[in-house]
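Same protein, same chain, two forms; see structure 1 and structure 2 below, as structure tokens.
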Structure 1
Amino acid sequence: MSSHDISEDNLPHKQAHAHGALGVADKDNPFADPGLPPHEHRIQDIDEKASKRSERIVAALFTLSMLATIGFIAAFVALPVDKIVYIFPLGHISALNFSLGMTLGVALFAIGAGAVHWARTLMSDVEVAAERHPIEASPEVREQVFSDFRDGVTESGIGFGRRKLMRNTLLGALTLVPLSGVVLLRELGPLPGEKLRHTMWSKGKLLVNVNTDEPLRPSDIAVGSLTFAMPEGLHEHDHDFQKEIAKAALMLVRLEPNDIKDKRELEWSHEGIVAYSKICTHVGCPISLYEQQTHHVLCPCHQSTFDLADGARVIFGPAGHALPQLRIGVNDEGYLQALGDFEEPVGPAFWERGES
């Protein structure tokens, strides 16, 4: 479309003149400021009934958000995880997932819709022209900004004077919505309680060879050898085998009693046989490398090295503390047995964070 096809009344200089422009565009000044059109008041600005109606709509949306959040929490508590329902056109889906998604979506949408409706119908919509100014504001400008902010608070009705219904429902919605996230934390898993502090080892529990599934005698362990053991009653086909072996895995090394430097280690051993947790105290890798001459064991993941002749203390690598030792002895039939559980939790960095 060419300029000849445009009505004279729609040309820029005609529009600017009609609206009380600050300048008129011509060939010498083609970019003159055309100014602003006359301000048109919204119906809420001139009709108190319309203003109250908008206020009720905003309050209703915030109230809907609160109800949806309560519904989210109720669904999380009441609906079983394995319940499947048919919903057209989605088909067969998890009732819990559908309920959580719908209620949380409604809660967030209602807050957003309420805020938008509040801003569009009740907050001040007067256009304000501001000239460009240096980045550093003068005292007069700063005072003007604070003044405008106070005026905006007054106009929006957030203060304690007008529109308490909207303010209260907004605060209620914003207070309840975060509870959805707090409730979801419960889904991270059951509370551990004391489970991490105890293993299957207990007084009288036999030490069973991992490879042969047979109980061990002292004669089965030669000097300088490394043997892996697990508690009696634990089998690979058990549904909780991996969970239990991750805490109870044991390694046995037979040393010459004169080579054991740590007094407690010697007291908790049997004929030079020492039993230590196989779980590295760095990130929980299984320790499997043994150096016979130095009595050192090495974790293959990050090379943490422990001295089994000196309380399994850390002599190299990122591990934070020594390996826990299991006190052992023999029963009346001559089999190696545990004389209790580990005295400290096994695994990585647990006791720096846990409470006793």
Structure 2
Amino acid sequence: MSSHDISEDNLPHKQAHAHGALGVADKDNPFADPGLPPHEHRIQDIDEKASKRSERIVAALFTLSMLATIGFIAAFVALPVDKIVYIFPLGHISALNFSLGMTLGVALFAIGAGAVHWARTLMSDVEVAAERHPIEASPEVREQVFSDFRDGVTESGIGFGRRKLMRNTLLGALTLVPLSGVVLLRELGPLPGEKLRHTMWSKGKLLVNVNTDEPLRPSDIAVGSLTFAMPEGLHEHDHDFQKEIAKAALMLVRLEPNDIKDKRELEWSHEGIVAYSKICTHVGCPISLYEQQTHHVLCPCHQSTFDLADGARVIFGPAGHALPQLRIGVNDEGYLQALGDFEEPVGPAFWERGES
């Protein structure tokens, strides 16, 4: 690459000739650097009254800050934590939060404003130029560094093909030793196994209404209504409730059997009642924005839309496959029950999922 690298000619000139030396304007070159403009005085530099005024403003700001801090402490002591006040246009807000925040804000802001005003009006505003030095070291330094390095390497005995065995075993040891750390990470969690393929649902499990904790009957579910169910035996206080409901959450709707376009869906339904997983097949949001006139269900997270009248097929959005359907029927006592687990994994797709 280097032999055909971009030639230096393509680079702009080093501009040194175009920019006159500092402060020396080139008469013939109107583009040349005229140097730093002469310093102009501020009002405060020449008017004692103005500078006194600035000083008073700065002192007043610092005093304001002290008062605000006292106000902060007073508010902290005086206001109960649950006191609510109405402040337009903020609404009904916590008196303590508002007064603490405002006093703290003022106390801090006034210090800053005072310091900045001081710097802007009373400290010297003469602009100064400081020299820059190239970051790169000089060739001599560079040469010195390299020769030092060579010396060091030679003295260690590693370099230039000597003592290869020692060097290679060291490299081997250093490569292997982090493995201990990696191996320890194995304890972070179990292997996936078949965990993602099964839910709590099984043949004969009743469909329990999430709202009432009562098993559901077909007559409870009207056309156009939306019901959420969980498997019998799952309770909010169970220690693995979150894990189980994350897979078993069920959404029940009743369609006119004539409206059901998918043959399998009709077979797996009961009197038009269909049970679908509530967990989106995209990334697992509980999907339940059911539009009862269109039979579409929308995910609030990423807008995947499924047609519940057509096997919950994806009709819009990023989900890759239909919502899993749960096969349902009624038991001897007339309660809705599952006729097995979902036949495919619920929730987001994953590498081992495969086609169902």
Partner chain sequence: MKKLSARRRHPLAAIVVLILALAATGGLYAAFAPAGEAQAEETAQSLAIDEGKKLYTVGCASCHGTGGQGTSDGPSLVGVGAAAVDFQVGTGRMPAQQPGAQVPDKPALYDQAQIDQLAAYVASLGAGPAVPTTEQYDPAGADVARGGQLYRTNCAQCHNFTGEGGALTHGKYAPDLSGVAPKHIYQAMLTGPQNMPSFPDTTMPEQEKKDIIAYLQAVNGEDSVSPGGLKIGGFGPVAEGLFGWVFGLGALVAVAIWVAARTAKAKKS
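Between two forms, the rigid core is the largest collection of C-alphas that superpose within 1.5 Å. All figures in this text were calculated on a predicted structure; none of them were measured in a lab. For numbering, take structure 1's sequence and count from 1.
Student: Is the form predicted together with the partner chain structure 1 or structure 2?
Tutor: Answer is structure 2, the other one does not fit.
Student: After fitting the rigid core, is the C-alpha of Val58 off by 2 Å or more between the two structures?
Tutor: Superposed on the core, Val58 moves its C-alpha 2 Å or more between the two structures.
Student: After the core is overlaid between the two structures, has the C-alpha of Gln325 moved by 2 angstroms or more?
Tutor: Shift at Gln325: below 2 Å after core fit.
Student: Once the core is aligned, does Pro257 move its Cα by at least 2 Å between the two structures?
Tutor: No, the C-alpha moves less than 2 Å.
Student: Determine, in Å, the CA shift of Phe109 between the two structures after the rigid core is used for superposition.
Tutor: Between its two positions, the C-alpha of Phe109 lies 48.2 Å apart after core fitting.
Student: So if we fit the rigid core, how much does the CA of Thr169 shift between the two structures, in Å?
Tutor: For Thr169, the alpha-carbon shift amounts to 2.7 Å.
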